[in-house]
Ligand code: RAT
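Below you'll find only one chain, the form predicted on its own, shown as structure tokens.
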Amino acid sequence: MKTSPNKRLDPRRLSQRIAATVAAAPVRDIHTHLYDPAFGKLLLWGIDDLLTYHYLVAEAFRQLDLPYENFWELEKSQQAELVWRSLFLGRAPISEAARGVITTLNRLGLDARQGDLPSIRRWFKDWKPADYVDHCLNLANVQSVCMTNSPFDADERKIWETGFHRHPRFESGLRLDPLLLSWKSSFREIQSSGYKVKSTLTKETILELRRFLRDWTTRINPNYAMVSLPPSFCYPTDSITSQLLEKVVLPHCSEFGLPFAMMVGVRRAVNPELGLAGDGLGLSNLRGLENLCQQYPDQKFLVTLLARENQHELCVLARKFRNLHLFGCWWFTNIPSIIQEMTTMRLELLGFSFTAQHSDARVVDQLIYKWDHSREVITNVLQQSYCRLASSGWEPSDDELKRDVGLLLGGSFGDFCRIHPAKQIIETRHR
């Protein structure tokens, strides 16, 4: 059999094609802390929310000679002034979080080098929130974002129960942290909402908890149920968390075909005086995740871990269990050096069967810089990987590049979530 000789590889041309493909690809941002504009004050946007983001607050306190309590007593605008002076006027904004503000302002057409915070504030005042949300989504080339929605948040719950016209680009995620991690208080809250639950997991309590989750799933139509877990998480145990997973949450996910998202490794309130900025991380034991994947082969698990040292073991685990989907570089791993390392490793071990990134944005404006910065790193990784592949005899076409990049930026997540095994069996039997 005759084969045609390989054409000469042009690495520069291939790298340009890859960069253009990544830049043009729309993103499905599968995990954020943003809110639909209809949520009013819960939606964070604008320069003061950008500057008081907890990443920057923690960093600013390394420079501020100010008691923590004095800072928290200030108005948000005053807090923003302190962060601005500490991190942007007193030194170069070189950290990832500070550079992110510069990237965002630059893409919005604002000159941070002038150091004129009042004029920047005036620029934002001309926007209506809904219009500004669309502007940021378009600048970031994000087609949709998934919120983090908790039925245990009183302000948020009121809006869901009243009803509102949903923004077409905002999807939902059902957050269950209070249920799984704060049972002593959450069961009373569920009780006060009209569900007949008790402190012990009686048969009636389990049925009522399932009814509670069923009602909220019907109300918000989430992409998945989710929880953030400490590094000490283990399964199975005799803990209430383990029992609630086994008897309530996982059966509910199975009933509705919902993936269960686990964000593991956060140590809450390492420094409580920093508020939201005071959380830390720890090395997780992945045996509990392995047990879940093995015990529930038809349940789909979405997982991201906080500790860098856990990432290799997690990748290997994903090779063993097809019901495990890795997503994003979360929180303290969301810096270019670690994104580069994690994305390269995942490509080498998993191909395109993972989601490269999620923004985890809390402020709408952050979509701009988080996706600009992530696209830059993802482009670098793909250029190296595809050039190696091409030197081995497989240079990708433009259509193949578009397909593969689309998988990394949300398509693989969609494929993973699309068909629930139990539903697929039912549908097949009815044909």
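Residue numbers run from 1 along the displayed sequence. Fair warning: this is a prediction, and the values are worked out from it, not measured in the lab.
This next part talks about the form predicted together with the named molecule, which is not shown.
S.K.: Check whether Met263 has any heavy atom within 4.5 Å of a heavy atom of the named molecule in the predicted bound form, and answer yes or no.
M.R.: Contact check for Met263: yes, within 4.5 Å of the named molecule in the predicted bound form.
S.K.: In the predicted bound form, does Arg268 come within 4.5 Å of the named molecule, counting heavy atoms only?
M.R.: Looking in the predicted bound form, residue contacts with the named molecule include Arg268, since a heavy atom lies within 4.5 Å.
S.K.: Does Tyr55 make contact with the named molecule in the predicted bound form, using a 4.5 Å heavy atom cut-off?
M.R.: Yes.
S.K.: I'd like to check something about Glu171: if you look in the predicted bound form, is any of its heavy atoms closer than or equal to 4.5 Å to a heavy atom of the named molecule?
M.R.: Looking in the predicted bound form, residue contacts with the named molecule do not include Glu171, since no heavy atom lies within 4.5 Å.
S.K.: Going by heavy atom distances of 4.5 angstroms or less, which of Thr333, Thr343, Gln299, Ser228 would be at the interface with the named molecule in the predicted bound form?
M.R.: Selected residue: Ser228.
S.K.: Since the chain is shown here on its own, which stretch among 217 to 225, 149 to 157, 323 to 331, 119 to 127 would lie within 4.5 Å of the named molecule in the predicted bound form, judged by heavy atoms?
M.R.: The contacting stretch here is 323 to 331.
S.K.: With the partner left out here, which residues of 16 to 32 have a non-hydrogen atom within 4.5 Å of the named molecule in the predicted bound form?
M.R.: If the 4.5 Å heavy-atom criterion is applied to the named molecule in the predicted bound form, 16 to 32 yields only His31.
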